[in-house]
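Only one chain is included here, represented as structure tokens and corresponding to the form predicted alone.
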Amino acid sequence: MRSTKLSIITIVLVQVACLNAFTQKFENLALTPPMGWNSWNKFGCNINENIIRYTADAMVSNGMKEAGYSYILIDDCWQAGRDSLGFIVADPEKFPSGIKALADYVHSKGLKFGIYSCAGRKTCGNRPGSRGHEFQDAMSYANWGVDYLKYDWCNTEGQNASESYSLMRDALFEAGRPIVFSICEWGLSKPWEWATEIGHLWRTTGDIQNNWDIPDAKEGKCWAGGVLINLDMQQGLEKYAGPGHWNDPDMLEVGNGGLTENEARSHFSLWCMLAAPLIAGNDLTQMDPVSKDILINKDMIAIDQDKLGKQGYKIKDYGEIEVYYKPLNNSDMAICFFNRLDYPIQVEFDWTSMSLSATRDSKPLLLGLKIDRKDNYIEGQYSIWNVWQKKSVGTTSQKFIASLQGHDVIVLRLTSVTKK
């Protein structure tokens, strides 16, 4: 065993010396935003192999796998240290069977397996990070059957983000197993501007918290934002996203108890409109029916996973009422009306002028238009499908009129009936 590890060390040293020859990421991965589950939001450092196994079982039995979720991802705190040759070692109490056996179990369920590390010498949970061991760790991941790596940014003082992430990208590529590379740098150095050739997705925000909003927080200055803060930080980033390279506003908090039903539905819908990765963070073994219905809404997932690969964006902003647009394959489109107000309103949308009016208790609301994208999206006539009501609601030949609850959304899928 020792001679085998010494041979691997020799290979690693040769690889580091030849680093300049390997400067690419795995292609043809994450052609649509990744879908799966991550342990952090619910369990933090309190994880073990049984939690991961039971979660994989639940993803299969509760319909999530059938709906498109495929990754089971272990976040921080699985590591115990390094052996005498510097190879990463899993916590023997939490993962007595080892990571490879756990990956094999996840694979046996028809799912994919992901793991976590950090670009610093220590992870955010003060476990050993990958700095100085990038090629060793990449080899371990490949040998274990890892399919996805979330790579964090704690304890990286003095490091250059692009260089650090490029180094791990090269290590993964040379290890030879195709692995989705998730850059978790929190958007500090605008990774959307440099990470397309390095990772398959990159965080654009700090860590999300299990809440709707943080009233006293300033956009871009809040370390752990709620749904609204992370949503607002996506404005203008749509041009950087596409197949194999996605903006990531962080994981989903649906099912963790901090959001109302309306807020959870909005959170999920807006992430789908953004073509964001759909990484659930709740306890899948104890999921309530409302959370389940939200997470496996196949029409909403189809908007997120649309093969055109376009990130949606805000086309109208009336202060507390917003309209999002997402182009879809085959000339379809998705429109999302979003009510930030605490109370229900009546909305009326004119497809000809692409303008919205709203009332409360039959009294008109004064809507100050902050953003108005002038693009002419509607040419010809479209049929309209209400995604959450799961029914047809007419065509664009007439104004769309509906009640919109506080902190809620209406999502419509439009399909041309006058295609050229």
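Everything numeric in this text was worked out from a predicted model, so none of it was measured. Residue numbers here begin at 1 and follow the sequence given.
One more form of this protein, predicted together with another copy of the chain, exists but is not displayed; see below.
Q: Sort through 139, 275, 264, 179 and report the residue having a heavy atom within 4.5 Å of another copy of the chain in the predicted bound form.
A: By the 4.5 Å heavy-atom cutoff, the listed residue in contact is 139.
Q: So which of 85, 308, 214, 188 gets a non-hydrogen atom within 4.5 Å of another copy of the chain in the predicted bound form?
A: If I apply the 4.5 Å criterion carefully, the residue I get is 85.
Q: In the predicted bound form, which of 165 to 173, 205 to 213, 107 to 115, 339 to 347 comes within 4.5 Å of another copy of the chain (heavy atoms)?
A: Contact criterion met by 165 to 173 only.
Q: Answer with yes or no whether residue 158 is in contact with another copy of the chain in the predicted bound form, where contact means some heavy atom within 4.5 Å.
A: Residue 158: contacts another copy of the chain in the predicted bound form.
Q: If we define contact as a non-hydrogen atom of the residue within 4.5 angstroms of the partner, is residue 94 a contact of another copy of the chain in the predicted bound form?
A: No, residue 94 is distant from the partner.
Q: Residue 135: heavy atom within 4.5 Å of another copy of the chain in the predicted bound form?
A: Taking the distances in the predicted bound form, the answer for residue 135 is yes, it comes within 4.5 Å of another copy of the chain.
Q: Would residue 292 count as touching another copy of the chain in the predicted bound form under a 4.5 Å heavy atom rule?
A: No.
Q: Taking another copy of the chain in the predicted bound form, which residues along 107 to 132 bring a heavy atom to within 4.5 Å of it?
A: Heavy-atom contacts within 4.5 Å come from 121, 126, 131, 132.
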